[in-house]
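Next up is one chain by itself, shown in structure tokens, the form predicted on its own.
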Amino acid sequence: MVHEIALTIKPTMNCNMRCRHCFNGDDLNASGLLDIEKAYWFIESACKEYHDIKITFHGGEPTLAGLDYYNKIYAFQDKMKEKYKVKFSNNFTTNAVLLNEELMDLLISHNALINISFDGPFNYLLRGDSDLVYERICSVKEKGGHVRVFCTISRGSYKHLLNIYRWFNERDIDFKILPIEPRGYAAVDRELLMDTDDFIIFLTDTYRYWVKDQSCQIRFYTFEEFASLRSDTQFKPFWFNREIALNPDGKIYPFGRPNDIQFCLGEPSADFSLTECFSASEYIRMLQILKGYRNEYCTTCDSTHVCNGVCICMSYMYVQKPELLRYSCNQSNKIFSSILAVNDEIMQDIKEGRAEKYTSIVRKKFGVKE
């Protein structure tokens, strides 16, 4: 049995919000509800071939499928766990407007990581229902659930990044920042976009603060990743051959991102194998396209050893216009360069016996033995 696979299940592409920057843009409301029998098939097919199965519910807005839908899904998951002796881990990505007590309890009972889109004190710039969503976040925490906030940073908020970090830290809320990029509605509303060089100045200053902030009591996922950056090591592994998605149309795609719909890998059937998806002609075609972009962008990029094309591949899964790919590649390259310079300073401090100025998580990331 193969070790692990990551499944994305999109019950619907509909959404109950219209966030100003939405990366899906006008692709929302493009389909109805995923046939739950196909979701069952998808999950059981993974159980037949893999041991560790990560399931992420995404959309659109997955809560629109309703509580009964997820009661059935998780009951089926429990049945499969017993039948095949497999291990499940669950993620659930939501805007939280419809995340009621019953659904919270169900997700928490299955140890799901609940990812909530919320931009802290600047949520009003891009989204609605700020007070309600914040209440939902607090409710998950009060119930002992595992919650992580996805915080989009845009032109109206990037100069306040340090205050945003302090806001989340004071409220003991784990979070990750997502720099806005010209995708979906944000590709049209250019007023949302940041000046890349200015953004990186504020980002780097906040990172310098975080690495020494002894009051930090949360997981700042973005900066924890930054603390692992090294100039001679690829920062993230490729997700090829280990991620696959089932969309609301009942068809299988590589990753569950907007541009994936170019590469349909098939539909559920009695003799269909998930593993065979990774050798399907459309999957091979996608890999060839991505190889071409890596050859085009990465040979002249200063961050080749750090990225090795992960960023350009990820960007292509969202958009395919060359100017938008260049935007993403340029932003990533500049972030890497700036953060690596800080990390070089940290390594020098550690080498010279000044490790105590940094937090325990940073010391651990840099291999300091306590």
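Everything numeric here is computed off the predicted structure, so don't read it as measured data. One rule holds for the numbers: they count along the sequence shown, beginning at 1.
The following text describes the form predicted in complex with a small molecule, which does not appear among the structures shown.
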Considering only heavy atoms, tell me if Leu178 and the small molecule come within 4.5 Å of each other in the predicted bound form. yes
Contact between Leu107 and the small molecule in the predicted bound form at 4.5 Å, heavy atoms? no
Since only the chain is shown here, I'm wondering whether Lys54 would be in contact with the small molecule in the predicted bound form (any heavy atom pair within 4.5 Å). no
In the predicted bound form, does Asn24 have a heavy atom within 4.5 Å of the small molecule? yes
Check each of Ser157, Gln77, Thr94, Asn247 and return the one that places a heavy atom within 4.5 angstroms of the small molecule in the predicted bound form. Thr94
Students should find that, of Tyr134, Phe168, Phe255, Phe150, the residue having a non-hydrogen atom no more than 4.5 angstroms from the small molecule in the predicted bound form is Phe150
Partner-facing stretch of 333-341, 37-45, 54-62, 300-308, counted where any non-hydrogen atom is within 4.5 angstroms of the small molecule in the predicted bound form: 54-62
Are all three residues Arg127, Arg183 and Ala186 in contact with the small molecule in the predicted bound form, where contact means a non-hydrogen atom within 4.5 Å? yes
